[in-house]
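First comes one chain, alone, set out as structure tokens in the form predicted alone.
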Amino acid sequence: MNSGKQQVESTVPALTLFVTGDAPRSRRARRHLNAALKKLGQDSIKPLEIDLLEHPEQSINHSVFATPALLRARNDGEISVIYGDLSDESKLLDFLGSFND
């Protein structure tokens, strides 16, 4: 029976990118995230994107107070968030690379 929920393999991290429409910082965050995932060989991962202009209630649901924001949910339930346009490549790579820790 299909419950309608996506099942994710235990080795695949869950990423959610919170943006505000097509604002310049949101566009940069998308671009930097895609480049970082490619650099890490994880470009098959497609983060869930939530536009807070269309779904403002999601900022409350996920405790996101600014955009862009990248939320990472690990299999053990740990949640981490990084804010900004993700232009600090070393910080972003460290954030994404720590999934396997």
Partner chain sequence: MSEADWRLQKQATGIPGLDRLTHGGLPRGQATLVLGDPGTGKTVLGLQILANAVEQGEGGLFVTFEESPAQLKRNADSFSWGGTLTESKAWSAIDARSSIGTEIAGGFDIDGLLAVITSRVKGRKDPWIVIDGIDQLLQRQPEPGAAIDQVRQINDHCERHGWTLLLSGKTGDSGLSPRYLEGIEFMLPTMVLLTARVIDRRLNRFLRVAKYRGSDHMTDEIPMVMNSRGIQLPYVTAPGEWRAKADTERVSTGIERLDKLLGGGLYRGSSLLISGRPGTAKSTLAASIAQATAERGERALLVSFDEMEAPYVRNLVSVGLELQPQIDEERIRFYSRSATGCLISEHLLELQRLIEDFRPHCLVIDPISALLKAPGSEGPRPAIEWLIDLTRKEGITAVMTALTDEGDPEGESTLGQVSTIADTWISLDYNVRAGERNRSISIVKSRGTAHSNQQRELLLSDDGVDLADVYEFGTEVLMGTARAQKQSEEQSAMRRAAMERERRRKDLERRVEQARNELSRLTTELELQEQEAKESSRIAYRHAEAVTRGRQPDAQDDEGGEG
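What you see is a predicted model; the values in this text were computed from it and never measured. Residue numbers count along the first chain shown, from 1.
Another form exists, predicted together with its partner chain; not displayed. Remarks below refer to it.
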query: Residue contact check: Leu53 to its partner chain in the predicted bound form, 4.5 Å heavy atom; finding: yes
query: Any non-hydrogen atom of Ile82 within 4.5 angstroms of its partner chain in the predicted bound form; finding: yes
query: 4.5 angstroms heavy atom contact with its partner chain in the predicted bound form for Thr20; finding: yes
query: Its partner chain contact in the predicted bound form: Asn75, any heavy atom under 4.5 Å; finding: no
